[in-house]
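A single chain comes next, written as structure tokens; it is the form predicted on its own.
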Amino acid sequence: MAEEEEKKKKICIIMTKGTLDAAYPPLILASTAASMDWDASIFFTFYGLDVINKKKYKNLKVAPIANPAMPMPVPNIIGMLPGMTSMATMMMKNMMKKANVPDIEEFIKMCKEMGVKLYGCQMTLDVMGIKEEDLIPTEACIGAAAFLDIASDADVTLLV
């Protein structure tokens, strides 16, 4: 009898947010999974599509207003003052750089090189009037049903 080959572990991540602080977790998880020889896929939908949009991903921001996790020793209401979004974004970029964490552009490149499959949401493209050529090249732009088919046998499925 032939020995049965062990099935590769699989993670599928649904990315729904288009902010700098929300862009890191799925890219970190997917690249880590790929480095552990897992199949890794990220489905970018709604504002999460900004993370792979060539016109937007370099300018993702951190919104300090109503973000209780902001590491600022000031009341949260201060986040609505002009310039606070830029300041919070700069703070996060500096924190990541100081910790030697790649920027979003480099993370996406690493993920692609490691075999992470990036999928754009076709319905979101249609609703928001985004063209597929506006995106960093992806595996494909697919609908929810197609992604659910991909995720149906995943060991880990996450919504971010």
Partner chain sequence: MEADEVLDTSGLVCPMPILKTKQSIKNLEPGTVLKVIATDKGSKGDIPAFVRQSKNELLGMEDDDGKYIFFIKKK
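All figures in this text were calculated on a predicted structure; none of them were measured in a lab. Numbering follows the first chain given and starts at 1.
Omitted from view is the form predicted in complex with its partner chain, to which the following refers.
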Item to complete: Using a 4.5 Å heavy atom cut-off, state whether Asn53 contacts its partner chain in the model of the complex.
Response: no
Worksheet item: Is the gap between Ala99 and its partner chain in the model of the complex 4.5 Å or less for some heavy atom pair?
Response: yes
Worksheet entry | Residue contact check: Lys9 to its partner chain in the model of the complex, 4.5 Å heavy atom | yes
Worksheet item: Would Ser35 sit within 4.5 Å of its partner chain in the model of the complex, counting heavy atoms only?
Response: yes
Practice prompt. Would you point out which of 55 to 63, 99 to 107, 125 to 133, 41 to 49 contains residues with a non-hydrogen atom within 4.5 Å of its partner chain in the model of the complex?
Written response: 99 to 107
Worksheet item: Hey, with its partner chain in the model of the complex, do Leu20, Ala22 and Thr89 all fall inside the 4.5 Å heavy atom range?
Response: no
